[in-house]
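What follows is one chain in structure tokens, specifically the form predicted alone.
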Amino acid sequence: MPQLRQSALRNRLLAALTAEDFARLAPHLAETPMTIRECVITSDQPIAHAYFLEDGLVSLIADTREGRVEIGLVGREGMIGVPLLLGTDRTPHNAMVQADGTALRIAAAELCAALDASAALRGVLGRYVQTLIVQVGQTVYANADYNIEARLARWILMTQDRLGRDELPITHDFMAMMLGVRRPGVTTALHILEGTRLIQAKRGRVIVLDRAGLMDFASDSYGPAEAEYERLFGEG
């Protein structure tokens, strides 16, 4: 694999590292494809690798008696394998690819060794843990206090943030899992957002037509987690 150049990478965590800390990780990072529905971390199993996403989406998923539900969403702003940063090698949650992409993969042992060698590296990745905690908290809040349409608007905005484009590869199955509802509920919510000309829904795709309108629809279920990320990782 050609030598990685930090300035050429899209992952915001790797971009935020000092040159010295990036050099610690770079020899151990390997580009790997991320294929939709691939489970990159399996619940209650040892985590073999961490993944710094360059493109695509990964859902953090809880298996419940009522079915699978998404509790977190990760794109090029983040990484998969956060339990490793907290001193444990497994999690009760799955991490499943939701949109094809690529990631830079590192073995768990190599990442942990780098963390032990650098307090600065641990600090950067620890700040990411904070942003993920806020995101999960906002998901709990949204699921408790907002209707399906507002939660769907929030999730479309989060997906657009991570993919950086208006046309999003979203299936009804993933939307139902994300919202913790049945497919008919997703269909109704999509019709409502389409009826107000915020989106256009096609087979396996959603096209964002009015981002500002979606933000109004999502209200304060969207925004706090994003503001926290920018506070900790924004330029300047």
Partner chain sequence: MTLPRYFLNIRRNGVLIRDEEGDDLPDAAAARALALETLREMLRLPHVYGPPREWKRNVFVITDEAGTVLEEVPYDVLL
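Numbering follows the first chain given and starts at 1. Quick caveat: nothing in here was measured; it's all calculated off a predicted structure.
In what follows, reference is made to the form predicted in complex with its partner chain, a form of this protein that is not presented.
- Relative to its partner chain in the predicted complex, residues Ala144, Pro184 and His191 are all within 4.5 Å by at least one heavy atom.
- None of 145-153, 103-111, 129-137, 79-87 except one has non-hydrogen atoms within 4.5 angstroms of its partner chain in the predicted complex; the exception is 145-153.
- Its partner chain in the predicted complex comes within 4.5 Å of no heavy atom belonging to Ser59.
- Contact between Arg197 and its partner chain in the predicted complex is not found at the 4.5 Å heavy atom cutoff.
- Although the partner is absent from this view, His172 contacts its partner chain in the predicted complex, with a non-hydrogen atom inside 4.5 angstroms.
- When contacts are judged by a 4.5 Å heavy atom cut-off, Gly204 counts as touching its partner chain in the predicted complex.
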